[in-house]
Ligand SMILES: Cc1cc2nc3c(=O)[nH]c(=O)nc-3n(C[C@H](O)[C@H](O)[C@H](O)COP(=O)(O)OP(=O)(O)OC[C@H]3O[C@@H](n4cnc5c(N)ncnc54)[C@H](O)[C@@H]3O)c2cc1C
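Next up: a single chain in structure tokens, the form predicted alone.
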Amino acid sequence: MREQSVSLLQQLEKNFEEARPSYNYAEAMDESNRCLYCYDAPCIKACPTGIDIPSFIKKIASGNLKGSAQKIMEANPVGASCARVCPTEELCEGACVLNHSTKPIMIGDLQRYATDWAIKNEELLFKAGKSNGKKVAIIGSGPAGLASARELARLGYQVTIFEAQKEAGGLDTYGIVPFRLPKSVSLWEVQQVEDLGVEIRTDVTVGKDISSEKLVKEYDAVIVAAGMAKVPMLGIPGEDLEGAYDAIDLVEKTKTNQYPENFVGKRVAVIGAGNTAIDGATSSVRLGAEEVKIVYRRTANEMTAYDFEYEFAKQEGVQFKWLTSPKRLIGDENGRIKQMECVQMELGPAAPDGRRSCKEIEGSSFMMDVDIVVKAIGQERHHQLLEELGLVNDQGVVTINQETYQTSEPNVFAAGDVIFGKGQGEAMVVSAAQQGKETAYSIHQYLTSSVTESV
């Protein structure tokens, strides 16, 4: 039995290895030499972090891989992760002028090639600035937190990050499946920040292990970059049955090599249709599920997952049940899920936010045979933390000055997923990184202008 378990673990580890290899030298040279190195390049404008794409590609073509990696990471402190998870076909590659005549430059693949070289060669790309004697605390070490820490350290600030998890990196370390983004890539980006003298205190929850009041008192500024929390309950009977999973928890298990072995040969239903739902579904396939269905109450036109994620899921054999909503989970005599009662939906008119409403079709309920249900219907907000800090928010979405990222408390700023929603922000790793950078610059201006005024 033990030998079988070890064999299964080895197979699962193989299943979760990175899905696509990086470019080799010849491929990178061929692709980089296709670039027209446009003046006033539209790909730069399409990148939320403003990476000088023609410049980093030209450096690859000339063999200056360290210079290329520096150019990428200068603009995007999590550029190695973004090379793998950004919706490049909608951003930089979508804006490439070669779309009109042939195919766009594979910018993401070239970005990955340069940053992979830096990772392999353990390059230190940046240096800390001269100390200015001021301290900044950052809550959360995801893309926004790391980006703001990196920039503040280069500006001479003493930065401390408080992270609730055992390792830093946030979403990139724990929340994106390893076959798309290996944990080692995110941890390299974390190391780049730590090498600038940034202190990262892991296993520390603000509000529990250290008070938010203490941070506000002891630091010149605080950045809230805590991301979001767990998936909320579906609110249907049977959620306490064995076989119900939180998609965030499931992905985290695959990132920490704690693969559940009960998926083998099972029928899985994933509730939701965002990127996390896709990750939950494709993880289920790799965990050995016999059948995986994404169940969504709207249609493919309304799903929030990126197009490339949707295509990837279909290639993995994931099925989609549109206009379907779960009503209850039904268990067997041992308390394990065996069926899910669903109801068919129909779309209504668009709501004020542009999204179409939907409602149940009377008398349309039906049963679906399932063994495992993975919940992926969004994530909860950090309401308690925001209350402790006294921040004005709209149902957990922090209200900020759109230009400065300053909250209702003058020395508290916010960036990343905590400001996403209600018309604010964009839920992309690359956008969070840019917000983190801009928040750092705003804090620098705020603190230096305060010094000038006091003088």
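None of the values given here were measured: they were computed from a predicted structure. All residue numbers refer to positions in the sequence shown, first residue = 1.
Although it is not shown, the form predicted together with the named molecule is what the next lines describe.
J.: Quick check on residue 263: any heavy atom within 4.5 Å of the named molecule in the predicted complex?
T.: Outside the cut-off, so no.
J.: So, in the predicted complex, is residue 427 in contact with the named molecule at a 4.5 angstroms heavy atom limit?
T.: It does: once the named molecule is placed as it appears in the predicted complex, residue 427 has a heavy atom within 4.5 Å of it.
J.: Taking 4.5 angstroms as the cut-off for heavy atoms, does residue 365 touch the named molecule in the predicted complex?
T.: Result no; residue 365 lies far from the named molecule in the predicted complex.
J.: Although the named molecule is absent from this view, report whether residue 76 comes within 4.5 Å of it in the predicted complex, heavy atoms only.
T.: No, residue 76 is distant from the partner.
J.: Using heavy atoms only and a 4.5 Å cut-off, determine which of 151, 116, 279, 371 is in contact with the named molecule in the predicted complex.
T.: Among 151, 116, 279, 371, a heavy atom within 4.5 Å of the named molecule in the predicted complex occurs only for 279.
J.: To verify the annotation, which of these, 259, 322, 306, 188, has a non-hydrogen atom within 4.5 Å of the named molecule in the predicted complex?
T.: Of the candidates 259, 322, 306, 188, 306 is the one lying within 4.5 Å of the named molecule in the predicted complex.
J.: Looking at 265 to 273, 137 to 145, 345 to 353, 232 to 240, which lies within 4.5 angstroms of the named molecule in the predicted complex, counting heavy atoms?
T.: After filtering at 4.5 Å, what remains is 137 to 145.
J.: Could you run down 143 to 172 and flag each residue that has a heavy atom within 4.5 Å of the named molecule in the predicted complex?
T.: If the 4.5 Å heavy-atom criterion is applied to the named molecule in the predicted complex, 143 to 172 yields 143, 144, 145, 162, 163, 164, 165, 170, 171.
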